[in-house]
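Take a look at this single chain, the form predicted on its own, given in structure tokens.
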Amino acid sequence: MGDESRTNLSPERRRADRARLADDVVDVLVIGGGVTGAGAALDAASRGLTVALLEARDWAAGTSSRSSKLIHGGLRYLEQFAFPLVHEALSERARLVRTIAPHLVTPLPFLLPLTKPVYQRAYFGAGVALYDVLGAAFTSGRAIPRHRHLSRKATLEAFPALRGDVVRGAIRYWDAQVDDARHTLAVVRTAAGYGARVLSSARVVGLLRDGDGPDAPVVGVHVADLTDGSSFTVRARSVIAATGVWSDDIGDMLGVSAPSLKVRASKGVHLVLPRSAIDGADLAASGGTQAGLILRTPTSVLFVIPWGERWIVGTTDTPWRLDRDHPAASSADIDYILDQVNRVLVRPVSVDDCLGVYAGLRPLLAGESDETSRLSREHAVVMPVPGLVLVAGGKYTTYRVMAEDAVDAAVEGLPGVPPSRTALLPL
């Protein structure tokens, strides 16, 4: 592990890191302080490379603090036959629960309510069984329990808020939960412990090129320090842009002639409700863990997730073309979530029950079919010009794989660089 005395992200540490960046040429410079950028900084630093990590706002200020707070494989992607995608995500889930961050990522049960005759139990049951197989739930030493079929009675005991006249039973399966912002910060601090120079409130405003042609290599970045209004330059042998829904901004810096990733922003809205708004199980009597719900909707799925003394209910999936720094929920978003969840609840939830609402933007790869969920949750790594690697797409759960792929591309021309260590590296 990294030196714990070096993980303190203090103002003094920031000043020292900025001073060093002004004088040195780092091996890898990462733009973006979300979970993927932080993961790339940790991956590179743990290989023994010199690393800089720059974030325009605060760590995890964008998408990485506005997720569903889940580490999961994506059960719904099985219907699209995206088996490699689900297997990869479930493998990462196991690493996070068992090795990388067991103090931050914990198993969480979900109920998949059954509302149709017997065929639905068989169909959903086959899918959940495959989910377990892909997640290695049938191997020894597993970190995630296997699924279980529940009768109507057992379902209502596990989740009394469900309507007995609608629900015929359920399948209970397990995924995992994370405090996304805290986890991202832990990745940043671990990278700092391995020597990465990390600066928040440092906005990249331009790319430093070695030449004037469209294929001129990127050799660094121009930075605006938002803490004091000053500017500085950081030189690097390779630059990784892990900027999520801001990826097109990096493409604009390259110029219109350069190939780049095209990313569209999809808004996901979540409601925050008090525990009293939805009746949960009597945990003192059952001695278990409060389960969440996963509900089928006409277009996707909806989660009802226990979160301390609250419930998180979401999410939506709608295009967002306004200010990417400030995504906002509309009344239509809120009404949609309430309508979907109230279909299975004994006591409907209203707007008056809501304690809050938050919206985040998913970076979806824009291809020939932007509505294809399988495409949208895969990630891509490209090098449009020498010295610059762009990484985008993917999902929170697979951040480590995205980071590893990006660093592999960035260091391809550097001699003697060891392979990634992060699959077995605790935070």
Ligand SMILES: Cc1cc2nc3c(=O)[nH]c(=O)nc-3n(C[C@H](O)[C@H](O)[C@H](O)COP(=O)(O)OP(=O)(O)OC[C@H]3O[C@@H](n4cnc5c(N)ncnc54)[C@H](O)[C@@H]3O)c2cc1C
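So that there is no doubt, residue numbering starts at 1 and follows the sequence shown. Predicted model, so just to flag it, every value in this text is computed and none were measured.
There is another form of this protein, the form predicted together with this ligand, and it is not shown here; the text below is about that form.
The partner is absent here, but in the predicted complex a heavy atom of Ala56, alone among Val381, Ala56, Val26, Val401, sits within 4.5 Å of this ligand. Think of it this way: in the predicted complex, this ligand has a heavy atom of just one of Ser238, Thr155, Thr190, Thr315 within 4.5 Å, and the residue is Thr315.
Heavy atoms within 4.5 Å of this ligand in the predicted complex are found in one stretch of 336-344, 200-208, 110-118, 155-163, which is 200-208. Using a 4.5 Å cutoff between non-hydrogen atoms, Ala41 does not count as a contact of this ligand in the predicted complex. Taking the partner from the other structure, this ligand in the predicted complex has no heavy atom within 4.5 Å of any heavy atom of Val385. For the chain shown alone, His270 is a contact residue for this ligand in the predicted complex, at least one non-hydrogen atom being within 4.5 angstroms. At a distance threshold of 4.5 angstroms between non-hydrogen atoms, His72 is in contact with this ligand in the predicted complex. Contacts of stretch 60-94 with this ligand in the predicted complex, defined by any heavy atom lying within 4.5 Å, are made by Ala61, Gly62, Thr63, Ser64, Arg66, Ser67, Ser68, Lys69, Leu70, His72, listed in sequence order.
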